[in-house]
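Below you will find one chain, with nothing else, as structure tokens; this is the form predicted on its own, and questions on how it binds or moves follow later.
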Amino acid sequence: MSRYYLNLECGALFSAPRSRVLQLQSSLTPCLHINLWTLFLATNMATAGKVIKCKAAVAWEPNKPVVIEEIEVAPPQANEVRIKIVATSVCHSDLYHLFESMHKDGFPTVLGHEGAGIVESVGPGVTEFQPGDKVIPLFLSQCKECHLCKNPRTNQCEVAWTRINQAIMAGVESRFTCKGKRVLQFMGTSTFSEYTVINQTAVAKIDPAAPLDKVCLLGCGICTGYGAAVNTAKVESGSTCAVFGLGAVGLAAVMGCKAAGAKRIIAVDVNPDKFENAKVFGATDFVNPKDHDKPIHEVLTKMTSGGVDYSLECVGNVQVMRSALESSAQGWGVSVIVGWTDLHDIVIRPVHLISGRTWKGSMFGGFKSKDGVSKMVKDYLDKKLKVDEFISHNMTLDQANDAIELMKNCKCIRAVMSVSPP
């Protein structure tokens, strides 16, 4: 190997994952006796244990554009991992906090919970991760030790209930400061930052071959919709399904229904432009409520001679939730609430359930987070799962407000932002 080539490869170490470093090391001629992994660790030692100053998109107040700021990211404490975020995308939950919930105590904050990156350093007590690991941050913990984690009937975790303040959608702890002020970490993750610090129970180690600018989407939307169909609804082969809302979560639900073997998948949305996307993921029919003078549940009931076997609400609107329930077949229909909202109550009549319907909720698609995400990444690499097809825009962190506007105006499926070089 020439000295010039060696210098190029060594320069790549500053961002290369461990697998690549070991690959480079094995390609060297034995006489060089250079341990590239040692060199890689040396680059991390320059920042390990120190405050990192980096770029982040800070939401200083609700209903206002985010601001690209220099923030300080403290070193990881016990059981924490500091991650260099490589890619992230905008999810509707980010918009919900910024434009709908707008809790006064939820700001300033760094948004973002659908991202992927590389471990930069770890705090005391962390044994599962090491610098160079490719990971996906998680808003839902999996400690694997509490009675909830050990129960196969739920994906909840006691740590999740104490780690996140649900009222303000932020972590109880924060390692961020900006201009002398404490900045919250949205959902305990904050992937709209070049670096973030997260409890090890909320980080999934993934296959080193995974492209971070693709699998970042598995941190929320795709797992949420797909899992709602296969894990929560438990869609059966040959069944009829209706999916309300064709954003990324809804499209993932369509994909899950198809994977489960549904013979008819009815996509419901008020935007007819979304049907072509829905067909890519397996939808067989499209219904626009605006095209009918009857309530949508009556339309679907007539279309299916009594209602669908499974309905999934992927909007986060209480009226749509009721419509989805009423669209399911009396006697055996299953309806799943997937969309997030905490602003309104749902009004139904007891007869809607007494007749035999089942009404369920689904968080993160019912996946136990660390295990589920790692498996979904593997399924993607094995070409069993669509991910690339969800990406409609590629942008940079500096364009965070543009990405937010695209999502707000329903002009994208997912806009993936490059945050740091891989």
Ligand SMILES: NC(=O)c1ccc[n+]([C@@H]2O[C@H](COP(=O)([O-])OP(=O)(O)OC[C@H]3O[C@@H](n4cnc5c(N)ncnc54)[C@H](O)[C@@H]3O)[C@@H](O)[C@H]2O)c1
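For every residue, the number given is its place in the sequence shown, counted from 1. On a predicted model such as this, the values are computed, not experimentally measured, just so you know.
Although it is not shown, the form predicted together with the named molecule is what the next lines describe.
For the residues T177, N271, Q130, Q77, the 4.5 Å heavy atom test against the named molecule in the predicted bound form is passed only by N271.
Between the options G282, P211, G316, G123, the residue in contact with the named molecule in the predicted bound form by a heavy atom within 4.5 angstroms is G316. Contact annotation: the named molecule lies within 4.5 Å of heavy atoms from the stretch 307 to 315 in the predicted bound form, the single such stretch among 307 to 315, 130 to 138, 192 to 200, 145 to 153. Proximity of T224, A248 and M407 to the named molecule in the predicted bound form is complete: all three residues have a non-hydrogen atom within 4.5 angstroms. The named molecule is not shown here, but in the predicted bound form it comes within 4.5 Å of a heavy atom of M363. The named molecule is not drawn, but in the predicted bound form it has no heavy atom within 4.5 Å of R264. Proximity of C257 to the named molecule in the predicted bound form: non-hydrogen atoms within 4.5 Å are absent; the residue sits far from the partner. Heavy atoms of H92 reach within 4.5 Å of the named molecule in the predicted bound form, making it an interface residue. For the stretch 318 to 345, the set of residues having any non-hydrogen atom within 4.5 angstroms of the named molecule in the predicted bound form comprises V320, V338, G339, W340, in sequence order.
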